[in-house]
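Taking the form predicted alone, here's one chain by itself in structure tokens.
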């Protein structure tokens, strides 16, 4: 019980210096066997000496961040073709790259552009896919991420997650003058957007299934309350402000309900509430602490953390209520779960020997695999394609975000230029 409380306290009581909101990404562990690919700088047709955005660099960085690809440095490119007719496949075969990406960026009218790309299989000399995409200047980075998704899916058979976002919480100032900020940024850390700034802690952000709203816990009124806020407009409404704990909101897969932790009846229990604040029903009834609910993708069950067995472990209960089933048995502490999009894996904080690391449980086989090696890793969140897990960790005397592939072979770090960042959650694909 004390470790659950400690984890919740640590999630909101962190001190930081002045923090820049934009995240920078550093690959800390590469993946052996990554597919070699060449992404040629796009040709430029428009006013001005240079294109307004380096589309190719964004695509190359996206593919590298996936851990599945290794893009050829620009200095090693043997040519700069922009059309299929200019591609000489024998030159690229000499570099042992499997695939080639080329294209053009054209200014069609003032502030409007057309992005064209093609993907080739170098060894077969075959075009695999391509597209022409119109976009205003402000959307060029998003177009680049969209192209990365197309390339990733074409070559792996899995949907890419580059054109998604992450939400996270930062803090700045000292203990007497602290400010907390909830932000949303692109998956590569660019274009941070402030959702809310408060002098009191903000925690537990959760995306709606369509990616248009975020639920979170705010202490701005000196007590825990749950809000729902529109990402684009900034409009928000209070969902829960009962006496005691109002915490850990998570959306149902259909977006109609949220699971949350309330102590309105005296003990922290798991409840489900309609997204308009009505139809509240209680799912658990235990003398222990039940918290951190998360929905299964089928919407029929909820996984949560409880110390009802004497230590923090993960349990599963039907959304209609009933007895809870224990899921974790390895280790003295397993908490803070997230469920993979296919419903087959649980990411969690696994505690053993005074260390708290991110682990994944295969629900079919029961196999638990530890993915990280930190001292206090927490808040795991699956990418919407299930290939990566983002989480919070310590780096020296700072708090940063990290991401690890679900097989543990690839890692990257996301940090602020100065200060701390915590509570990451990856957005859905959106609709």
Partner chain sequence: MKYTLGSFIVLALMLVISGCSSKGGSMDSGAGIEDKGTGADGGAVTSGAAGGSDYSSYSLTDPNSPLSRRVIYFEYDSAEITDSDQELLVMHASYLVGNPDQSITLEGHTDERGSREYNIALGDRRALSVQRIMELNGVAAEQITIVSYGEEKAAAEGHSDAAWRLNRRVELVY
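Everything numeric in this text was worked out from a predicted model, so none of it was measured. Residue numbers count along the first chain shown, from 1.
Not pictured, yet referred to below: the form predicted in complex with the partner chain.
With a 4.5 Å cutoff on heavy atoms, residue 197 does not count as touching the partner chain in the predicted bound form; it lies far away. Among heavy atoms of residue 376, some come within 4.5 Å of the partner chain in the predicted bound form. Within this chain, residue 397 lines the site of the partner chain in the predicted bound form, having a heavy atom no more than 4.5 Å away. In the predicted bound form, none of the heavy atoms of residue 411 sits within 4.5 Å of a heavy atom of the partner chain. For the options 208, 116, 163, 263, the one in contact with the partner chain in the predicted bound form, meaning a heavy atom within 4.5 Å, is 263. Proximity to the partner chain in the predicted bound form, defined as a heavy atom within 4.5 Å, holds among 123, 190, 329, 219 only for 219.
In the predicted bound form, no residue of the candidate spot (183, 235 and 347) has a heavy atom lying within 4.5 Å of the partner chain. Residues of just one listed stretch (150-158, 102-110, 288-296, 316-324) have heavy atoms within 4.5 Å of the partner chain in the predicted bound form: 288-296. Interface residues of 243-272, taken as those with a heavy atom within 4.5 Å of the partner chain in the predicted bound form (partner not displayed): 245, 247, 248, 263, 266, 268, in sequence order.
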